[in-house]
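Single chain ahead, by itself, as structure tokens, in the form predicted alone.
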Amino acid sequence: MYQYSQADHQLLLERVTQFRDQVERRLKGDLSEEEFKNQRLRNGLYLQLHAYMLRVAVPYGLLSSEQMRTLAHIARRYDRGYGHFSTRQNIQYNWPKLEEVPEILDALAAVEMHAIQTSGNCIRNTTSDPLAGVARDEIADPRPYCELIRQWSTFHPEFNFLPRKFKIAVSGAIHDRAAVAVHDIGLRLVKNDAGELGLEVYVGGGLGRTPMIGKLVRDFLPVHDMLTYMEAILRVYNQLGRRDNLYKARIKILVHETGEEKFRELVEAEWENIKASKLRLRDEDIDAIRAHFKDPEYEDLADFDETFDQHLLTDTDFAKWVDNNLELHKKSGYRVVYLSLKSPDQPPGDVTADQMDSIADLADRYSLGQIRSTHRQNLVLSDVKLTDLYELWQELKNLGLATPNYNHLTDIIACPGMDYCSLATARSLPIAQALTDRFENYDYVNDLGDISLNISGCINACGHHHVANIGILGVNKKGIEVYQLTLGGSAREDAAIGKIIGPAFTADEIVGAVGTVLDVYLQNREDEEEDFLTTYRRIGQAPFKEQLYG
């Protein structure tokens, strides 16, 4: 993974020193909360319902075991013993004391981490495929391009006060595991007929109160032009994006109101002015960053192990986990392992300090010392030998991290909702818990197959409910929390915004309503191989609506 230069280290230390002074002035009353607000947001510090919340950047979801131990230390020493992984592959702490935040940032800086640009109207943490570098369907490793974007966007003087926050995702595989289509800029690495590497460029995707799928503005951009083209997009947005209305300030609104073709013309015209600038990437620039992500020394291993197969036959719990929580690895004899943060005993995405320490130890012993976070709020050990899987599974089971539900119904994305968030209008975590309790039967959940269920506690859609096969939006209606159902969304390569099915349900009704939706699916699927989304697209809303409201 990328190792910081001396300049990177110096930059972080200077930033911590600056923020320590700002915190001291706030605590003395020399800065009002309004004056302090912009400073703390630039360091990832929000003021939520009950306390400050600190969001720590995990660039493109990649962590070392040493960094994970530091996150555990922060959770234990400065928070209430846990952290929460978010849909942007970051981690959040919900209970830091303001006077201790500079100490936390010091601890993070010591392991090349920070909270810079995890909030505010700037370019946020770039997200990517959690299987980057190991996926069998990968066209090219996206991590070097993510790192180039990180270096370009960090403290970019021109883009520090954008009309609104700005999110970028990069995928390098055939299957989209980074939700590229719902980002302000989504990049997909592709090859042209000549075998040259380039990028599909999507602009104007996003969720929130006006969900939109990104528009393809370039079907092949040479990778050397990645930064100049993004600079052109950001310049057009910075000049023309609305600042008079918070709800119409995202680039998706600009693209929509300007028109896709006109927006493309504006970007191309701006690009002509800068495409030959020093920002254009040279081969040596890309190669220098790519060197940080070269393959480790994998062993030459067979893709078959008799002991592993024997365990599959004799241990049904192990077999269930293997069926749902493993992916094939590009190297023979290795597998990718999903660590489920969706056990029945913890809120989605939460992980305790003790679990974090244990995960770091397991990463060192079984997966070359690295961990990845996913946008579905889980973790990944990316390089596990086939021969180690049974032993690893036993350890994960003891830690509560082996729930066999990856990409299944109880692999629920949920925002913190009104339990923590000052913007939320309804609770999401209790609904997630009720759904997990109701659908605890493994055989039933497994029979449903690949399905996504996401919950947001307000229209800001941090739980990505718009792009779930089954989405739940909590809102407050005349003082009562009610829950709206959407069906048919997808965050993958067939990205789609789910459609509202009808009137909202109360908190007591919503779990039963989800059960009804699942019944309709099971009654109408053509066979066990037809997943929920395919069935929904084939039969439409009517059968679901009839059973829910008929």
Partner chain sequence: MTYKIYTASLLKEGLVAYLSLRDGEAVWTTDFTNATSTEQVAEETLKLEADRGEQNNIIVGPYTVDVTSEDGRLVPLENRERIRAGGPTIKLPISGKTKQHTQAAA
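What you see is a predicted model, and the numbers here were worked out from it, not measured in a lab. Numbering follows the first chain given and starts at 1.
Beyond the structure shown, there is the form predicted together with the partner chain, which is absent from this document and is the topic of what follows.
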Original post:
Do Ile104 and the partner chain share at least one heavy atom pair within 4.5 Å in the predicted complex?
Top reply: no
Original post:
Going by a heavy atom distance of 4.5 Å, is Arg26 a contact of the partner chain in the predicted complex?
Top reply: yes
Original post:
So in the predicted complex, does Arg427 come within 4.5 Å of the partner chain, heavy atom to heavy atom?
Top reply: yes
**OP:** Answer with yes or no whether Asp225 is in contact with the partner chain in the predicted complex, where contact means some heavy atom within 4.5 Å.
**Re:** no
**OP:** Answer yes or no: in the predicted complex, does the partner chain come within 4.5 Å of a heavy atom in every one of Asp350, Tyr420 and Glu481?
**Re:** yes
Original post:
With the partner chain left out of view, which of Asp305, Glu260, Asp354, Glu395 would have a heavy atom within 4.5 Å of it in the predicted complex?
Top reply: Asp354
Original post:
Only one of Arg242, Arg76, Lys330, His311 has a non-hydrogen atom within 4.5 angstroms of the partner chain in the predicted complex; which is it?
Top reply: Arg76
**OP:** Counting only non-hydrogen atoms, choose the one of 27 to 35, 518 to 526, 488 to 496, 56 to 64 that falls within 4.5 Å of the partner chain in the predicted complex.
**Re:** 27 to 35
Original post:
Who in 432 to 467 is close to the partner chain in the predicted complex, meaning a heavy atom within 4.5 Å?
Top reply: Gln433
